[in-house]
Structures are given as structure tokens and as C-alpha cells.
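Next up is one chain by itself, shown in C-alpha cells, the form predicted on its own.
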């Protein structure tokens, strides 16, 4: 079975909004997270979509689903988020397995709640890559020169841009594979590895790359929100 997992366990402090976490801010008449959910529902391969939501905002999210997605409300499952991204993800995985049992064939497609411009092509290619390779990550080539600095004041080295990519989401996995790899990590490693693909790479599990897009932006600052508003008004 194939499951979506939209991760929204944070409170969005970088948006500098005291009233609402960033995923609930309005974008062209709808909360950002609703736009993201609607994109996921363009993919008919999902058996269910799970939302990892901060405990203080679960009732608010349930109300949004009733208002904006009433026809899908029975296939959207809200789960309490954890202290960080990975704990939120594994809370979702626990609920998936409670609802649908443990299976070697279960695939989970994880995505940032505040990336509402994800496309069906990206989602489909993530699913296919996770089925074939076990793990997939959505990336775009780095367009700027990247330098390394040891002290934050001077350049230590200039990295080869041809080998560098910027990570986006979705990130997708065979659930059993990800759980097994996570189980091998020390407590220190679990604290350091905040990205699920990092769990794979530190245990030498290949992660297949899926082509993202420079329009697949993550809305984390007021400036990002203005850009997203302009993009959506232009039909992106």
C-alpha cells in the first residue's frame, strides 16, 4: 500500500507570525497546507494521506479538513506530531501500521506541508523510485557556487557545483527499510540526523534522486509567502 505523509509538526517561528503556524497562513484564499493536500490528492495511488500536526493545532486542522476537503475527510488521518521532524514521521508510521498492519510492501511519501507547488510528476516518480530502490529524495542542481568555511569568516574551500544538489521534498521510503535503519542508530545519531534520507546515507543505503523544480519552493519566511502568492496568482 502507498501512503502520503505531510509533515506539519512545527510552529513556524521564522515566519514571525504570533497567531498561526506558517502551514495555516492563507495563500490565495486557502491555508497553505490545504493547497499541499490538494496536490497530493491529484495522485490516485495513495491509499490514505496522513498529517503529522503539532498537538496544539490538531482540532484546528480537523476543522480545516471539514471545511475545505469534506469528500476526502475519511482518507485524511491526523496524527500528533513529535518533538522534531523524524519523531513526527515515525509517529505517522506507527499510525499507518496500526491502521494497515506491517508489510514489506508499504511505501510512504513524505512531504513538507509548506511546499504547495509539488507536482503530480514528482509524487509519481517518488513512488516509483521508492518501490524500485527503497528510498528516494527530490533534488535540484545547485545553481550558485557553494563555499566551505571553517570559521564563518574566510573561505576554506570552493565545492564543485557539478556534484551539488539542493534537497527538496517529497522524500519517499519503503517503511520497513526506514524503520530497520532507524533502529540501528545510536541516541546521538538520532539527535543529529534530522532528515530521513540522512538515516539511509549513514548506513550506506542508496537514495535514488528524483528531479525537483525551482518552483517547488518551501514557504518559511514572509518573503517566501509573497513569492508564493505571486506564483499562485500567475497560475503556478
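Numbering follows the first chain given and starts at 1. For clarity, every value in this text was computed on a predicted model and none was experimentally measured.
In what follows, reference is made to the form predicted in complex with a further copy of the same chain, a form of this protein that is not presented.
- Heavy atoms within 4.5 Å of a further copy of the same chain in the model of the complex are found in one stretch of 92-100, 76-84, 148-156, 117-125, which is 148-156.
- For the candidate set 49, 197, 34, 43, a heavy atom within 4.5 Å of a further copy of the same chain in the model of the complex is found for exactly one residue, namely 197.
- For the residues 61, 181, 207, 175, the 4.5 Å heavy atom test against a further copy of the same chain in the model of the complex is passed only by 207.
- No residue in the set 29, 56 and 68 has a non-hydrogen atom no more than 4.5 Å from a further copy of the same chain in the model of the complex.
- Among residues of the shown chain, residue 227 is one whose heavy atoms approach a further copy of the same chain to within 4.5 Å in the model of the complex.
- When a further copy of the same chain is considered in the model of the complex, residue 164 lines it closely, a heavy atom lying within 4.5 Å.
- Heavy atoms of residue 104 never reach within 4.5 Å of a further copy of the same chain in the model of the complex, leaving it off the interface.
- In the model of the complex, a further copy of the same chain sits within 4.5 Å of a heavy atom belonging to residue 139.
- Using a 4.5 Å cut-off on any heavy atom, none of the residues of 36-61 reaches a further copy of the same chain in the model of the complex.
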